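Shown next as structure tokens: one chain only, the form predicted alone.
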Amino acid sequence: MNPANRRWTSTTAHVCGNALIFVALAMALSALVEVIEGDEAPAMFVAAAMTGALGVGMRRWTRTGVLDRSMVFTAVGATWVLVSVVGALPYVLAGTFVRDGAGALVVLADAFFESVSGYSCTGSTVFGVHNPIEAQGSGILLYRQLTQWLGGMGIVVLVVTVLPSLRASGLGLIDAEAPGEGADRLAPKVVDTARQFWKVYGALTVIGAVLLLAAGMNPFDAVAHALSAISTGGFSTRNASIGYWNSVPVELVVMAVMILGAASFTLHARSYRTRRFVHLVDPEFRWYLGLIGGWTLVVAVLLAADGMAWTRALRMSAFNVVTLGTSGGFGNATGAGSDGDFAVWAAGPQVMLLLLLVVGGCTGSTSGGIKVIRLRIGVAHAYRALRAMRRPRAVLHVRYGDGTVPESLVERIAGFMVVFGMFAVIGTVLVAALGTDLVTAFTGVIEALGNMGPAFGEAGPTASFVDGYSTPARLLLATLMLVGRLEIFPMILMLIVPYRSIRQVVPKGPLRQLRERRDQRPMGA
């Protein structure tokens, strides 16, 4: 305790408190909308009050401190976990997931799953035929969309905009939360960089809403889908998602907004500042567009070869390639078994889409997946390994664009991809052991780690995750969503600080003392 101002020095608690204040504001706004149309406004106001009180208390009685690397990851990871848990309050208090045959623990698990899926911008949902989205009030629907909008740019980036006291530590927080290999600083002050990101994010959201309104959506649906499209989240106000409108203009606008959301926001900010389109100068963005375009043509050809009309095949291919290639999570299927339901497509186009579940969009975007730059550098690293087998004495570098990639970055990317694969394998085994068939288990784990939305098998674009997974399996998938949203390492490193503290407190046993003496011996002794 600091005796001067009676505040605990805890950056983690301070960041968490500020994040909860923003969440409470989203709940309060949604509750006001629920007053107009719906009957769950009191429950939502209570949730907003409880969240706001906790957030204000944590902000008032704590202060920021000096952050080392481990504490940065702890602050970011703890914030996302706490926001996801508290974010389930509106669903719980409003009884959103109460249904026949569902016990209290199942209802709590479903509320937590929907909250995590929202804030992590995954788009997987437990709404479905048994509990239609259309049956919910406007306030609950708006809150659901706002969870993705807040999570898209990053709740911690939003916190940095109001915490100038973080100074240099703020960039570390943004780096730990940003999808990819960190965020570029756009201004001398980190706070100004965070504000530029959110200004661009807000402007693109408004543009998306206007375009969707012009394409035929009503005002509420236009705003709701703009919030989830720019965040590449995938939540919709309709059970059939974008397929409800069955409209080419609506699909085109949603695709365009998702592509912008999956591109680097650093590029967006620089284009706005310089009044020039600088995106095509970036090699990752060029690869990203090439990947989306090439995959669309290949999938369309495969669908046409399977009997679908060419123009129809191109439309279905384009939308589903974009929604999975950006981790958007929307669907354009008009119903189960329709042309847009990729869960019933032939094996060829399904395999192509499965590869997209892994890749995702660009670094510094709202997209999930391993990112295009990691894929590109990983392929270059593999090519270098093949060349090294032919020329073992040559000094070979991994090239990217016009330059070479530092070996430290190559090693970090290779390590990330290995750990991603390990999580995918272990997660698949665990989900399958909980009663899920192998295809549904594997694709569900991949989509959770990549924050993609729908899976294959029993959890396709027209299905609910209640149908395909047991309650324990859904909780495991929710955990993987958080791990994937923070790019795995921050969630792992978040545990290092308490682990070190425990090791310092617990007395050293004989084996531990022996290992420490062995490690302190000089080399060759």
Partner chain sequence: MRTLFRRTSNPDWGSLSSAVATGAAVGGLGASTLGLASGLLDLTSSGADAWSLLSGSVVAGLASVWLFRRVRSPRRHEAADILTGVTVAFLGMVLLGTLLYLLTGTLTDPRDALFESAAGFSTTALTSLDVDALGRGMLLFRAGSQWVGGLTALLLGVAILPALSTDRELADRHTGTGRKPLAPSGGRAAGNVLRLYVGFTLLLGIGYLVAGAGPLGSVLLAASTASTGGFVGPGQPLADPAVQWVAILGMFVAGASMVILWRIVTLQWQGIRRSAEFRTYLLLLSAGTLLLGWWSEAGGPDEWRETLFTLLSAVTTTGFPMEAVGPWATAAPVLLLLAAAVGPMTGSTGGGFQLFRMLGLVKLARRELMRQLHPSLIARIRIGGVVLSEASVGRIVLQQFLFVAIVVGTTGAVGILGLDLATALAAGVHAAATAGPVRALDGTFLEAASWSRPVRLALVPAMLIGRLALYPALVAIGTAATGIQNRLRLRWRWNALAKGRDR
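All figures in this text were calculated on a predicted structure; none of them were measured in a lab. Numbering follows the first chain given and starts at 1.
Form predicted together with the partner chain: not shown, discussed below.
- The candidate site formed by 347, 419 and 438 is fully in contact with the partner chain in the predicted complex, as each residue has a non-hydrogen atom within 4.5 angstroms of it.
- Contact with the partner chain in the predicted complex, defined as any heavy atom within 4.5 Å, is confined among 144-152, 371-379, 204-212, 241-249 to 371-379.
- Checked against the partner chain in the predicted complex, the candidates 334, 271, 296, 428 yield a single residue with a heavy atom inside 4.5 Å, and that residue is 428.
- Contact annotation: of the candidates 432, 256, 278, 291, the single residue with a non-hydrogen atom within 4.5 angstroms of the partner chain in the predicted complex is 432.
- Heavy atoms of residue 127 never reach within 4.5 Å of the partner chain in the predicted complex, leaving it off the interface.
- Of the heavy atoms in residue 112, none are within 4.5 Å of the partner chain in the predicted complex.
- In the predicted complex, the partner chain sits beyond 4.5 Å of every heavy atom of residue 312.
- Residue contact check for residue 415: one or more of its heavy atoms lie within 4.5 Å of the partner chain in the predicted complex.
- In the predicted complex, not one residue of 243-266 has a heavy atom within 4.5 Å of the partner chain.
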